[in-house]
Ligand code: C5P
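To begin, one chain is listed below as structure tokens, in the form predicted on its own.
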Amino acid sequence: MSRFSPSEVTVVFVLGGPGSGKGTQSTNLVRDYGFIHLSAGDLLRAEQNREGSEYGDLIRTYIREGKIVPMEITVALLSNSMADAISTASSSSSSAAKARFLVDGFPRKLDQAVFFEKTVCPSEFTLFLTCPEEVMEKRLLKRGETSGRDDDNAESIRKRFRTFVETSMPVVDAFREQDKVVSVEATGSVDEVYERIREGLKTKGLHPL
């Protein structure tokens, strides 16, 4: 039994290779569509630095080696963040609007997708940002100049590309078979990409608030 029902929440996954612009476009979608943005990576990074976290060391090791953190940990963090956001929203407003969640950089593997949909909530669809590898690498190396992130270096970036292709593409393929993918070419300016995303969301009946 899933924790939330699709009648009370809308869950959209955002997938794309590292550097495809998931974070940037998520910011736009939060602003215009009222999504609550949950980044699996941000939640994991926050958890590894949280005082007294039972998962901190484990998460740190996985991230450093470019490996995928055990899904039970990631799904628990996402599920609890959704519950917190829903209770905050319901106490601060009387509106019964359906909560919209944008889950960024997750599911990374097919078993994660299945586990999340079974235990947390079935997703509405997946927004998939497609982008050539050389474009993503250029963006990430540029970001690495200022981000201070351990994994924004050429070697880690290539590892992440390989991991993405091997493990995340089967997720996209599986959802595509269920007609649950909006695929968007993530090249060109941020505004051009966002315009394509808006068009794609419209085909799924999702409109700005």
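Note that residue numbering follows the sequence shown and begins at 1. Because the structure is a prediction, the values reported are computed rather than measured.
There is another form of the same protein, the form predicted together with this ligand; it is not shown, and what comes next is about it.
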| query | finding |
| --- | --- |
| In the predicted complex, the residue from 38, 181, 29, 44 that sits within 4.5 Å of this ligand by heavy atoms | 44 |
| Heavy atom of residue 33 within 4.5 Å of this ligand in the predicted complex | no |
| Interface membership of residue 69, this ligand in the predicted complex, 4.5 Å heavy atom rule | yes |
| Distance check, residue 55 to this ligand in the predicted complex, heavy atom within 4.5 Å | no |
| Heavy atom of residue 116 within 4.5 Å of this ligand in the predicted complex | no |
| Triplet 79, 125 and 207 all within 4.5 Å of this ligand in the predicted complex via a heavy atom | no |
| Heavy atom contacts to this ligand in the predicted complex at 4.5 Å, residues of 130-153 in sequence order | 149, 151 |
